[in-house]
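What follows is a single chain, given as structure tokens, in the form predicted alone.
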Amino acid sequence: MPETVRVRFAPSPTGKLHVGGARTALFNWAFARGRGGVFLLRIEDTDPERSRREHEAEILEGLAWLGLDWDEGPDVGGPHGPYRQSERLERHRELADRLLAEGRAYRCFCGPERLAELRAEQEARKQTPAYDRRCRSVAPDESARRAAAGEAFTLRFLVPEGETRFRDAVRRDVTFANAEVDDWIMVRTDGKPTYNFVVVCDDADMAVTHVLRGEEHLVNTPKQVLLYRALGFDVPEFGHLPLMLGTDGRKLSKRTGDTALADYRDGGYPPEALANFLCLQGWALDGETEVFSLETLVERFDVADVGKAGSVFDPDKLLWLAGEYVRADSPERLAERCAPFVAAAGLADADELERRRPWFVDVLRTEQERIRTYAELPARIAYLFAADDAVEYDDKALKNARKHARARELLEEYGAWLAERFDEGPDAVREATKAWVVERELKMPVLFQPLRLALTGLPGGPDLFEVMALLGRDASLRRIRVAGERLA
């Protein structure tokens, strides 16, 4: 076995990348990076009806967004290419022919009707459906003659007697009785190889030393271990990661929330937060620390520390973690990341936000403590982009303002006073305003609730005097005047 650790992530480009797949990629990446090893990306695109290059591109973009890089792959090349399974079919055929010639595989001429009947009979007897190995007894010469005559066949792996043992990094020692392993199909009637066959061929040719993958693949492992041995290849070390469960305790699905990595990217989650959260799905840093970087993951990750029990994908915890990362970010980078969401909401285009970048960074400073995702920002700052005479008033904010009998008169009076003091700056105006309220023997909400309605239309939000600074003198005074008219 080579000394250098070599691991792979091998997604199928048949749709969006599932968060469970993203976690698998993350753990493989961390395992390789922490050991000075190689992380390679292979595209398993042997399903031509469903595989799409656009899905492949989305997978690569998603992994890069998450913060992962790879040493070998379809886009970067490498010494063990090609890195798309569809481009390796000649090699697959070569190894299949070798197994057939050595008597480790055999042609099966049983058609779909016969196999369906067999399955129905076994289910009626409450037996586990499995091939009855009828074609094992077909002599090699007879098998070759029937194939040459054009009779359709599949190629099945001949499972030997005995048992198959292997060491799993997560589940430790695992044993399967070979009698429970079906003589599985390696090559279909149309000549296309199956997953269990090509994955072994490719992993062996790419010198993969460790196969870390989801628990659902555990049932495939005895088939693959037997195939490695039949081909004379070194068997890699396996590690089967626990299922990711929804909050209902069942396998994560769309019933309990978003399952695609792209859904969280498009939903405005910080990539660092999602990566951090995925780390916690089956693994823990120390049992207490929940917020940590990918650098820390690389330093500390060991697949032997991954638990066997399924992990619950809790959207509320992810949202909390997202907020932690938003608050820890710099306003400058936060503005950069939020800009596309503001533009998508139609508040301002990218060019305008870039022209007003210092102002937009100040906007983020006022909201950074209040948002958890980038997508939450537009609704909170829409008032800044509204026409001064068309600010949308929230029902609660309007109710708060109207419960004060003199709201209209106070706004008119305060507006005239503010016009003389506005240029003194937010801090000075804030203190002077409080004194203005006290001099009139009023409680602060009597002015501040109508004032917030006038400036933002919202019942709560950032400091009002910071809002005034963002709006500017003319817009602030105009909004106060308009609110007085609308409260009449």
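The structure presented is a predicted model; accordingly, all values stated were derived computationally and were not measured. Numbering starts at 1 and follows the sequence shown.
There is another form of this protein, the form predicted together with a small molecule, and it is not shown here; the text below is about that form.
Within 4.5 Å of some heavy atom of the small molecule in the model of the complex lies at least one heavy atom of V199. Mapping the unseen interface onto this chain, F341 falls outside it, with no heavy atom inside 4.5 Å of the small molecule in the model of the complex. Put simply, R213 is close to the small molecule in the model of the complex: some heavy atom of it is within 4.5 Å. Proximity of Y374 to the small molecule in the model of the complex falls outside the 4.5 Å heavy atom cutoff. Y195 is the sole member of Y414, Y195, F153, Y393 with a non-hydrogen atom within 4.5 Å of the small molecule in the model of the complex. Checking H217, H80, R107, R265 against the small molecule in the model of the complex, a heavy atom within 4.5 Å turns up for just one residue: H217.
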